[in-house]
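In structure tokens, the next block holds one chain alone, the form predicted on its own.
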């Protein structure tokens, strides 16, 4: 296809604030690790960060560090070190790249923020809702640092979330409190927990609002923008800073809509991305889709940080509800209905499924879903083979050829 007069990527004014927020997050952790000014808890990305913040912990997210390793294209340097330590090349490449970087004594935080190492934890807290591998990932560090590891086992394959599911996870959350109080050296303040849950609820609602701006035609931003600007929803959920950031971003997105500013000039096709990002290829793929006048307007991945169930009046049950009602915990029929709703809502013309080699938990293309949706909805679907971090699983030429052929199919329609 012709590449003359290519669209240009449009920067956000809010990006400067985003960079400062992320820098402050890591520098605060680094300072606490050096001085002991605060206890540090490591937490999975869709885990009980609200409970930890309410108890005075600073919260660090290894999955965010894993994404940084992928985005900086350094993951492949470290995965072999984890493999040599007995961690299979077939398991999560967030895990293997993160563990490998630790074994090598290296981190992308050094180049980005001048921080020499990840912060030493006082406790590690995981939730298996997103991924079973986090349990072994966190226990690796628990052994290395000699600190407690606490975990929540979430139900999976749920068609409709029930009070039984919620009660189970809520009980697991509450059972953590005595151990966390001992480590924190203070009792849980329920008023503080309600305050943090309220901030997370506001952050989540704003995150949904900013994602929903992509319903506009043309869309003011793309999936590739979403993956960058979701940072505060992950690492700063439960803080005033995250709320403030999304208020700023939402205002800018509304300005773009009023001005008719398109993220992709000449937007011709609107697509849905199902599965994990390919972190080391975000820029390349963003440019490719812009060249093809395609805008990826919505995704399962970025919507995973919308937690509508948060309720400060019932913090434990609402946290359990929010963290167990995410896409990945549900059964295939529920997932298909969810995608269908997003396709109608965002006026989607085609679906891209990313089959991530080391992430079966977040790959939904392996049991016939693309074919079922294609037949039922009459929309083209394409499976892109790759990985979240391990680019050895990704063929640049094959992916480009397949995407270009897919867009040709859209053009013919």
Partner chain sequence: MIHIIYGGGVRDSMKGDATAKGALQGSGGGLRTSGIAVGEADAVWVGVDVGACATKVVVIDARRDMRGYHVLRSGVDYAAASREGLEQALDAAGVPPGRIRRVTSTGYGRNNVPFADEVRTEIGCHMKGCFHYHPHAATIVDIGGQDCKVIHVDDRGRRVGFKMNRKCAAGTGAFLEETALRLGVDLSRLDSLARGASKRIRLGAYCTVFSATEILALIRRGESLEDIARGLLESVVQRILEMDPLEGTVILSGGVIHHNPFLARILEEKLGREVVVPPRPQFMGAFGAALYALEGEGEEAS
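Residue numbers count along the first chain shown, from 1. Since this is a predicted model, take the numbers as computed values, not measurements.
This protein has a second form, the form predicted together with the partner chain, left out of what is shown; the following refers to that one.
- Although the partner is absent from this view, residue 37 stays clear of the partner chain in the predicted complex, with no non-hydrogen atom inside 4.5 angstroms.
- Among heavy atoms of residue 382, some come within 4.5 Å of the partner chain in the predicted complex.
- Contact annotation for residue 405: at least one heavy atom lies within 4.5 Å of the partner chain in the predicted complex.
- Though the partner is left out of this view, residue 386 does reach within 4.5 Å of the partner chain in the predicted complex, counting heavy atoms only.
- Contacts to the partner chain in the predicted complex (heavy atom within 4.5 Å) from stretch 382-404: 382, 385, 386, 393, 394, 395, 397, 398, 400, 401, 402, 404.
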